[in-house]
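Taking the form predicted on its own, here's one chain by itself in structure tokens.
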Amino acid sequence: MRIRVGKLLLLLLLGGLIAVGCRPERRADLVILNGPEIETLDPQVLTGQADGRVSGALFEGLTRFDPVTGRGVPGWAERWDISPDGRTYTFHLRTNAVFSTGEPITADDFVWSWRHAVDPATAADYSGFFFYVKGGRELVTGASTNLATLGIRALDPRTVVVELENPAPFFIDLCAMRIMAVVPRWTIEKYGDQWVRADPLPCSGAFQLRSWRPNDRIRVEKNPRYWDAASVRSERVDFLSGDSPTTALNLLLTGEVDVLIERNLIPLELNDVLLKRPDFHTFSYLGTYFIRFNVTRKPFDDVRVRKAISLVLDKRRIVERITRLGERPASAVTPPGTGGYQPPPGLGDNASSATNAVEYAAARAINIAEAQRLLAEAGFPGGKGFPTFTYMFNAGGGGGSRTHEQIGVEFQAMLREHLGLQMELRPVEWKTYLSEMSLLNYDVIRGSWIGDYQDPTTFLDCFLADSGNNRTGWRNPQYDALMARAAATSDSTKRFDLLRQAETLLTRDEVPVIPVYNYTGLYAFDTNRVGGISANLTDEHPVWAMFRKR
């Protein structure tokens, strides 16, 4: 096996030498293989991680992510004051706050940017983050159209005051999110949805846009007007697009790429040997792989059907045979320990918690029997009369996309063997996957979520009825009420108890999603050549901190 893997690596290396060829542009100081071609640079409407990495280099808000902890630290706000009740934040902007094109960044620019983000016309999937801001929920959901009611105001050109609905201990982290970045009002008003194509593009981040060649690369250059330009050690950074793990490994091994930060671009079949290399690094972070049901479609509107399908999914088999990076089978959407929170037991959790093979087999038998009973009770004994349905996942050149396919194949076999169900696999390209999921144009679809901040609400808020990230069609007033009560509770013990009740509804009682496993992070770079990258729980690696060592 070692010989085969060694030969494969050699072939990949030789293939890379042929494929790379000569490049017309001068090499950037740092080259990052970013993943699939991005959809947009607009920080307010983006949804993908690849988009967020580039946009996060170009736009910044009141706070920014610390590269070591992944927590929010001062950005354009150099400091802030918090009222005794935790509901009012007063941010003090830096005196040197300007866009890359020289225009000043004022408190009014933040007010306009946040109002634009919550405007339904902007169609921002992450606008639910503003539910914590006074008046945000009403504006996002269309219950109010008066943008002036959003709880943000300019006290003077250098002072921003934000009022929250309830205390939110993670609000400083939230302010570092892309959607809360300050954006150029005059450019957006002039160009509308195409404003990110403006030349020059006014940027508020550590970098400014130099060029964007679709399906090739995005080049950014250091923003000399950035408040912390002295800490930015890379003059030019290239973000390469691509979804082929073979090409990704080629580029890394030949030195054409410095950082391979998209886990989906790691060749799955080489996991065992790559993990032994010093330039491949694993780490723990807040992320969960799960499966979504479209509960607006029959027969998935029946909770008994959803529970039956969930109970036959062998999560341990998936992490041991397919992913093989030390992932843990997930019983809940929220990873254990998120902000000190411990999620409740999930449906079929008796199998995940089994300590030996005998216990595991017994637990699986119980779960399968219960699944068959539920399916029969729903009117489909042995799968009879159950319509053929599809399982959608994003496909690509391999790596993580190959993982999605292999999980789909295993899932398909489990449903056929234990429930007599016929599920067809529907691989689609990345942009189609995102679009179809948002439009609820699917039966069952693979999903995932990476925690944006270190609190369980970063996962649980996604499944509120009015969240743009719900994407299941599931609406549960009891769930929403529990989440609202938790938001209004300052006592952490009582708050976590309410969140556990809500998550029990989500993953054990109603099951619009099936938690599969908690992620293990994986990225590749040579620590002798690249610095400024640290493992953290939110998987945030700001580009301003990265550099290639001389």
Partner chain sequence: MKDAALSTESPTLAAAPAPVHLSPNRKAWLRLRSNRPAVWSAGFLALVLLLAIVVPWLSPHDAVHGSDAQFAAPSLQYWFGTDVHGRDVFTRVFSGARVSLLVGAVGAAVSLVIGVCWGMVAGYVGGRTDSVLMRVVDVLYALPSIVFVIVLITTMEGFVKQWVTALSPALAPAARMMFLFVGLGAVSWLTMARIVRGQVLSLRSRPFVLASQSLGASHRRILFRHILPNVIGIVIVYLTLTVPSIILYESFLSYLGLGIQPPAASLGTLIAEGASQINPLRVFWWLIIGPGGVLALTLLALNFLGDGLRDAFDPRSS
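Residue numbers count along the first chain shown, from 1. Just so we're on the same page, rigid core means the largest C-alpha set that superposes within 1.5 Å between forms. Since the structure is predicted, the reported quantities are computational estimates derived from the model, not experimental observations.
The form predicted together with the partner chain exists for this protein as well; it is not shown, and the discussion that follows is about that form.
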Candidate stretches 73 to 81, 428 to 436, 155 to 163, 297 to 305 - the one whose heavy atoms come within 4.5 Å of the partner chain in the predicted complex = 428 to 436
Note which of Leu253, Ala107, Val333, Ile368 lies within 4.5 Å of the partner chain in the predicted complex, where distance is taken over heavy atoms; exactly one does.
-> Leu253
Of the residues Arg178, Lys315, Arg219, Arg402, which one places a heavy atom within 4.5 Å of the partner chain in the predicted complex?
-> Arg402
Can you work out whether the partner chain is within 4.5 angstroms of a heavy atom in all three of Asp272, Phe393 and Val409 in the predicted complex?
-> yes
Using heavy atoms and a 4.5 Å limit, would one call Ala97 a contact residue for the partner chain in the predicted complex?
-> no
Please run the contact check for Lys134 against the partner chain in the predicted complex: heavy atoms, 4.5 angstroms, yes or no?
-> no
With heavy atoms only and a cut-off of 4.5 Å, decide whether Arg87 touches the partner chain in the predicted complex.
-> no
Flag Thr246 as yes or no: does it have a non-hydrogen atom within 4.5 angstroms of any non-hydrogen atom of the partner chain in the predicted complex?
-> yes
Using the arrangement in the predicted complex, list in sequence order the residues of 308 to 327 with any heavy atom within 4.5 angstroms of the partner chain.
-> Arg317, Arg321, Ile322, Arg324
Spell out whether the Cα of Glu424 moves at least 2 Å between the shown form and the other one when the two forms are superposed on their rigid core.
-> yes
Once the two forms are fit on the core, has His92 moved its CA by at least 2 Å between the shown form and the other one?
-> no
